[in-house]
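Given next, in C-alpha cells, is a single chain: the form predicted alone.
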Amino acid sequence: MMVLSQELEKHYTISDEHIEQFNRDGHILLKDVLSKELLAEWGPKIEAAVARRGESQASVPMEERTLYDQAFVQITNLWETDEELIPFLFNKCLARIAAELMKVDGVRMYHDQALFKEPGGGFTPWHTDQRYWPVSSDRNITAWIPLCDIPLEKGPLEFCTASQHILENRELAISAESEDKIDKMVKLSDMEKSVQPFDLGDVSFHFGATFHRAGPNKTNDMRSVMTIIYVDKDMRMDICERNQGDANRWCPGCEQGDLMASPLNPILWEKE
C-alpha cells in the first residue's frame, strides 16, 4: 500500500487521448487522481485554514453580500500563511499532470486559492480566469480539487466546451454582466456546455481562457474546493492595466517581459 506522503509524488498516467481531449475542449475531469485517505488527511487542515482566514466574510449575512461574495468564500495563497499545507499545495502529482496536459516541460506556481461555496451560496457567474492574469501565452491551467463529493445540486464547475478560442466577452470581469452576456453568447452560438458531478478524489483541469461558471449550493453542506493555478515554467510577464494588481500581488518584482519567476512562483515540476 502506498504511504500517503508518497501519493503526493506519484505519477498519475496521462494518456495521449487525455491530452488531445484537454487541448480540444479546454477542460477535463480526471477520475480517482487522489485517494479518499489522502483527502481525509489534508481536507480538514485546509478547511481549518479557510475558517481562520475567512471568518470576517463568513460572518456577513448572505443577503448583505455582493454577488461575488455570495458565490464563495475565497482565500488565496494558503501556502504563504499556513506552511503545513505546502506539501499538499506543492505536490508533484498534480503539477506533472498540469505540465503534461499543456504539453510543456515544467510548471510554476502562480497562486493557490480555496473556493468554499457555503450552504445556500449563490451561483458563480460565467467568466474566464486569464482575464485577470499577466500571462503572455495560453499555457496556464487551474487544478480544481474537491475536498468532498460534489453532486449537481452542490455547484460543480460548468464549462463552455472549446471556448478557449473565443475572443468575444473575454474582457468581462466576473459579475452579473459577465453571466448575462456570456450566457447569451453560449445560447446564441449553440455551443456545448458541460457539467458533471465530482466524486471525492476526482480533479478537473481547465485552461485559464476557458469560459466557466458554477451553480448555487442548494444543499445544507459546504462545497469545499481547493484550487492550484500553474503556468508554464517559461512564462513571460504580459502586464496591462487590467492585470496590474494581480501582477503586483502574485509576481512581485517582475516587470513586463520578465520570466514569471518571483519568489512566489517556484517551479513545482519539470521534466528531467
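In this text the structure is predicted, and so the values were computed from the model without any measurement. Residue indices: 1-based, along the sequence shown.
The form predicted together with a small molecule is left out here; the points below concern that form.
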Would you point out which of 44-52, 24-32, 209-217, 231-239 contains residues with a non-hydrogen atom within 4.5 Å of the small molecule in the model of the complex?
-> 209-217
The single option of Trp144, Phe88, Trp79, Phe198 touching the small molecule in the model of the complex, heavy atom within 4.5 Å | Trp144
Answer key: of Ile166, Met109, Leu172, Leu115, within 4.5 Å of the small molecule in the model of the complex (heavy atoms) is Leu115
Asp129, Leu157 and Arg223: each with a heavy atom within 4.5 Å of the small molecule in the model of the complex?
-> yes
is_contact(Ser178, the small molecule) in the model of the complex, heavy atom dist at most 4.5 Å = no
Closest heavy atom of Thr227 to the small molecule in the model of the complex, within 4.5 Å or not?
-> yes
